[in-house]
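Take a look at this single chain in structure tokens; it is the form predicted alone.
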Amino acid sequence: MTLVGWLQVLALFVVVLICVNPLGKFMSRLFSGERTFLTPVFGPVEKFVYSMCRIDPEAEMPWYTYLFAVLAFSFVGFAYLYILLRTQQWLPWNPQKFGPMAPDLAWNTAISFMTNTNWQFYSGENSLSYLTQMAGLAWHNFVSAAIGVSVAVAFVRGLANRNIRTLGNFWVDLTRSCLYVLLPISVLGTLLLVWQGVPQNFHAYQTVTSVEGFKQQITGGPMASQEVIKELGTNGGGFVGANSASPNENPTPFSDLFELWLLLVIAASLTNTFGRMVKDQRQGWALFTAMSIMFFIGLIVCYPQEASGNPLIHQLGVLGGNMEGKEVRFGVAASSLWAVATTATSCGAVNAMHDSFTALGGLVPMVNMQLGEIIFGGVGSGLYGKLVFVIVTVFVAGLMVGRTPEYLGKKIERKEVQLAILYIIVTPAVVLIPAAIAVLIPAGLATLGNSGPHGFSEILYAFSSANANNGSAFGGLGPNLFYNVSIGIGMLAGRYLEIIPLLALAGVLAHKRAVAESAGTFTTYSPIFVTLLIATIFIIGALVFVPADALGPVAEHLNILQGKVY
């Protein structure tokens, strides 16, 4: 570890923190229907969209109508992308003349981008046309992120509203998320990345002769525009297979820092939006504090492990950090920071190969996802996932003091806790059951890149990533029919089996009357509550996943200390 390495971490945290209040305030005004500084620019466009789509922006939706709109829009988007992937050979902007994607892989890919996961069992530069990249993948990067923000805002309204049955209008929330939040930052970010050297063109790939005399193919295409929204929307699917480890997608240390800022800034700022919408900013800062503490806990474990390197290499007299699978232009510190940030959110983009991390260094990204995508989480999904754990924590606190728990003036009773538990149990069920099946059948072992604990880690990481809608991979696990189907199901479950009880919970909370705060009301923005919230999250994660993690990264670490590798 070095001082410069920690200064990189501090610089990222400071620039994110600076943006939390202004961006959070802007989104609060936007989703409350108030005028913003962008209203003169995008207001007419917004009205035109409503007119063309016959949307009544004043029409409020109960939770089940809001849910139906989310599901209907998502699955129409899935069908659109699946058809595009299967027919790209007949469509324009395909200078490389790529053919159609195989049916099972197209199914997996369409689900992946619909659910904001962006799991990639393919290399985009070798299989997808420019039209597919732009009109298919990049479009989904916008709308899947906007769905997450919309659902989060709807859930916050459920907490903020009093004795009503509606959560807002999904179509309005979706439009405003794309138009006022994602699109402006993406346009400016694209220009910045082009300045840094990221390609943005429609040229065919260029074959050049290197200094050594070898032929090399240089990838082009509309890359910068997709790079920005893949980070900003915490999507993660790269234009090329190497993702943000590629010098085309991420050429400089400055672009690396900027892309890290993109993947954190909206998720972090939504905590401030929440505090403003419930009219108590202390609640939002409490969530931000809990998220930040958990983020740094992961970094404090991961960075030292990568900086210390492999003990077997040290026995040979070679000292230094673990540079296997890392880009020299970023080094250990920036690679460790990215691995923690990309799995603390639901982004899944990588600037180093997680498969090459040390055993315990690679354990951190896995645990980040197994906790339920709630450290900062995806745009929107991180906030509503955290609030579900807040409700469970409030219930536990109520049991401890022997009174009915309350949160934001609303009593948390049996129905609310049951729906919260339904949300939470999705993660262990969707991760552990298919992982157990995979290690027992030939198809699950057929495409493993490693044996022993490391091979098990590849399987466990894949299903953890699918459920968390993260999309990053440990590496080494190849595609086949079993994984295309099972991981696709995991991505669907991780998105929609959580949204269903979540919006039902929002509907229940919205209809509740507020109760007056009393001397016995548990303060939900104090350091004690933040500590209790973090403890609840880790206890639930530890109880469920520690046995499985012990068979993978922990067992591998202990074996390495004994001189055995896989």
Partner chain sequence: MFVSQRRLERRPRSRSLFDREIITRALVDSFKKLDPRWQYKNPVMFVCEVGALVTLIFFARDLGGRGPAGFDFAISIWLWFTVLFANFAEAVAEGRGKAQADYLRRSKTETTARRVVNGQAETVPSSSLRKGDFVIIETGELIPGDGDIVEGAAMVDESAITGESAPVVREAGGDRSAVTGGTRVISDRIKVLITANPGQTFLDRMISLVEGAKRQKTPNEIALSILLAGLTIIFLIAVATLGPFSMYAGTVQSITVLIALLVCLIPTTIGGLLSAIGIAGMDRVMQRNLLAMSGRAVEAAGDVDTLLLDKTGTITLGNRQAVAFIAAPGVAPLDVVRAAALSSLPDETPEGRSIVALAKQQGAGEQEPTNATFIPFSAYTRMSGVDLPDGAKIRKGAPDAVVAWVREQGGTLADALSQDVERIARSGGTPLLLATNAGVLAVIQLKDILKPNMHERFDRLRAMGIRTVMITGDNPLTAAAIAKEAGVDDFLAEATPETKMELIRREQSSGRLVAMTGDGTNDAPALAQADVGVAMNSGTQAAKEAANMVDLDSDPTKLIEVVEIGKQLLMTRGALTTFSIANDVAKYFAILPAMFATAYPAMSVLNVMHLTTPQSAILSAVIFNALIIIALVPLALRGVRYKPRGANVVLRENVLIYGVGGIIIPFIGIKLIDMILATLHLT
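Positions refer to the first chain, counted from 1. The model shown is predicted, which means the values in this text are computed figures rather than measured ones.
Just so it is clear, the following notes concern the form predicted in complex with the partner chain, a form of the same protein that is not shown.
Considering the partner chain in the model of the complex, the lone stretch of 27-35, 63-71, 497-505, 535-543 in range is 535-543 [heavy atom distance within 4.5 Å]. When contacts are defined as a non-hydrogen atom within 4.5 Å, none of Ala135, Ile313 and Phe330 contacts the partner chain in the model of the complex. Contact annotation for Gln206: none of its heavy atoms lies within 4.5 Å of the partner chain in the model of the complex. Although the partner is absent here, Ala514 lies within 4.5 Å of the partner chain in the model of the complex, judged by heavy atoms. Not displayed here, the partner chain is kept clear of Ala79 by more than 4.5 Å at the level of heavy atoms in the model of the complex.
When the partner chain is considered in the model of the complex, Phe456 lines it closely, a heavy atom lying within 4.5 Å. With the partner removed from view, the residue among Leu299, Val265, Leu477, Leu432 that has a non-hydrogen atom within 4.5 Å of the partner chain in the model of the complex turns out to be Leu432.
Only one of the listed residues (Glu324, Asp104, Glu413, Asp280) places a non-hydrogen atom within 4.5 angstroms of the partner chain in the model of the complex, and that residue is Glu413. Along 367-403, these residues reach a heavy atom to within 4.5 Å of the partner chain in the model of the complex: Val392, Phe395, Val396, Ala397, Leu399, Met400, Val401, Gly402, Arg403.
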